[in-house]
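To begin, one chain is listed below as structure tokens, in the form predicted alone.
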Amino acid sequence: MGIKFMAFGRELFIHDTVINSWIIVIALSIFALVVNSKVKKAKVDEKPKGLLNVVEIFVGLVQSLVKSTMGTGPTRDRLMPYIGTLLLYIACANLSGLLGVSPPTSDYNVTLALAIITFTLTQYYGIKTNGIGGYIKGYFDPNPVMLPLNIVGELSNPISLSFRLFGNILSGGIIMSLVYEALRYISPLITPALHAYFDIFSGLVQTFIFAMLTMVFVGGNLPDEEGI
């Protein structure tokens, strides 16, 4: 599956997971514009209804999750929109398997890109909080002998983060394909329960784990802002 086209005299191919990823991004962008429009029209003295009520509950959950994992402070507040966006995108990507399409998170390029964003944020806040000298010094703690292990440990975080999400979603898709192929006409009797587990339960659990690990990795390098 995917799109093949000719450009500059060469045949190029866009994988369907990339197309599905862009569809999810566009859908979430439209959703954000709709919510923004409703928020502007909402009255402050009235209780939110319908879609705004759902969005308010989600925002409250994200705020609670960030505060309980990373603490409180201006820097944590600025990271809340990113964590919320990460939860929405990965959840939609994992659940898209229910529509019979390839989930974007079953493509390692997608999960690696998400993990690299987390890794970049971790290093950025590590340098910003500790200064370049303190950041480099951290690799020599508790003694210089630990330098190679500290470097390997830091580089292993994005690899393990990306492989965990990619492996779980891809393996679920492979198992479902095998079940459909093996059972054929009687597969509708078995597959709903398997879809509930692999696409919904496992998909949402992996979304939560990815977001939690991102907050743990980034939160470990944030400045102490308690009481600000």
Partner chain sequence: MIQGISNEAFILGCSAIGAGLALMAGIGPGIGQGYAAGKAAEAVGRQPEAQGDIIKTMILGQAVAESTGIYGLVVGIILLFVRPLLGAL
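Fair warning: this is a prediction, and the values are worked out from it, not measured in the lab. Numbering follows the first chain given and starts at 1.
Below: the form predicted together with the partner chain, not depicted.
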property: Segment assignment from 160-168, 27-35, 179-187, 51-59: heavy atom within 4.5 Å of the partner chain in the predicted bound form; result: 160-168
property: 4.5 Å heavy atom contact, W22 and the partner chain in the predicted bound form; result: no
property: Touches the partner chain in the predicted bound form: M212 (any heavy atom, 4.5 Å); result: yes
property: Close approach of I174 to the partner chain in the predicted bound form, 4.5 Å, heavy atom; result: yes
property: T17: touches the partner chain in the predicted bound form, heavy atom cutoff 4.5 angstroms; result: no
property: Residues from 66-81 in contact with the partner chain (non-hydrogen atom within 4.5 Å) in the predicted bound form; result: S68
